[in-house]
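The chain below stands alone, shown as structure tokens; this is the form predicted on its own.
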């Protein structure tokens, strides 16, 4: 099997992640923060260690500013519903995932768009124009889940900080692949998943709150038990408990902790280089085939294309028949797919475990499909 669906979730997982999952279940199976016995305390220690590692990985020193969720979608919903009020003007891009797009609509925000395909200066100018029109927040992805396109999130953060505008960043496709420092990049709230570029498993994500972010600005999305202040009618005022109602996904948190270790040991730049090399090779080969249309021809961690005359879903099924796993369709990003057409596109997503031999095999198969 050749697995090129890493933008959905990375596979395989590093051995240390598998060991962390098994080790937690065997030795730390209590409910973190829900008891004083040894298994509960062991689970709480695993959770705290992951907070500390994750905080440091994204450039902050305070573990309490890492608030765990069920995934990046819940993190984005918590950030958007927690900070955005009805009729607030919010700037976002024209390539956003539904995890940004739908919560903004549901929150009643008035959205102003910038063109993610523009040059950096144009993007910043468009954001500046939106701020002049009264926008109080920018909510956008750091990297597209459809195209090999990275937004200038550092410069966006600097502009937001200069103008006193909230910056909520979707790190779903960037965390673990591109360097993100919450403080240096002026991100107020960074939302991440565990199971993609950080090589954890599904069921866990996090909001990472900048030390300069005023936590009184954010309302909880979920209400319930927090393990502390049980007699209070409201959620605690301080993170992480303020944003963590109910039982934490401790097994997935243990996996994230090991995943962060793996990414740090391997090196973010080394992971990115490997993914871009695989992408560059495939891109060069596909570009020689006049029966294939490639969208946004840059080297990156994802690549989208179509075989001319074949719907993307059918191409995906044909590839699956040869043991090649890809993602076909609209990738939960309908605005981005205005640029690919009504049939969507076939997406390749790469990881550090992909090889040149896999890329060569893919090119051979897709060439045969395109000419059949």
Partner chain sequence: MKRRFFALSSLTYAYKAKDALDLYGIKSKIIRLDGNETKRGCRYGIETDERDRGAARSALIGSGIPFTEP
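Positions refer to the first chain, counted from 1. All values derive from a computational prediction rather than experimental measurement.
Omitted from view is the form predicted in complex with its partner chain, to which the following refers.
**Student:** For its partner chain, considered in the model of the complex: do all three of 16, 259 and 272 come within 4.5 Å of it, counting heavy atoms only?
**Tutor:** Contact check failed for every one of 16, 259 and 272.
**Student:** Please tell me which of 44, 60, 333, 324 lies within 4.5 Å of its partner chain in the model of the complex, judged by heavy atoms.
**Tutor:** Looking at 44, 60, 333, 324 one by one, just 44 meets the 4.5 Å heavy-atom criterion.
**Student:** Considering non-hydrogen atoms and a 4.5 Å limit, which listed residue (71, 249, 240, 103) is close to its partner chain in the model of the complex?
**Tutor:** Checked against the cut-off, the match is 240.
**Student:** Of these, 230-238, 75-83, 176-184, 295-303, which stretch puts a heavy atom within 4.5 angstroms of its partner chain in the model of the complex?
**Tutor:** Going through the listed ranges, the match is 230-238.
**Student:** Against its partner chain in the model of the complex, would residue 339 count as a contact residue? Criterion: heavy atoms within 4.5 Å.
**Tutor:** Contact with its partner chain, no.
**Student:** Is there a heavy atom of residue 35 no more than 4.5 Å from a heavy atom of its partner chain in the model of the complex?
**Tutor:** Yes - in the model of the complex, heavy atoms of residue 35 and its partner chain come within 4.5 Å of each other.
**Student:** Going by a heavy atom distance of 4.5 Å, is residue 51 a contact of its partner chain in the model of the complex?
**Tutor:** Within the cut-off, so yes.
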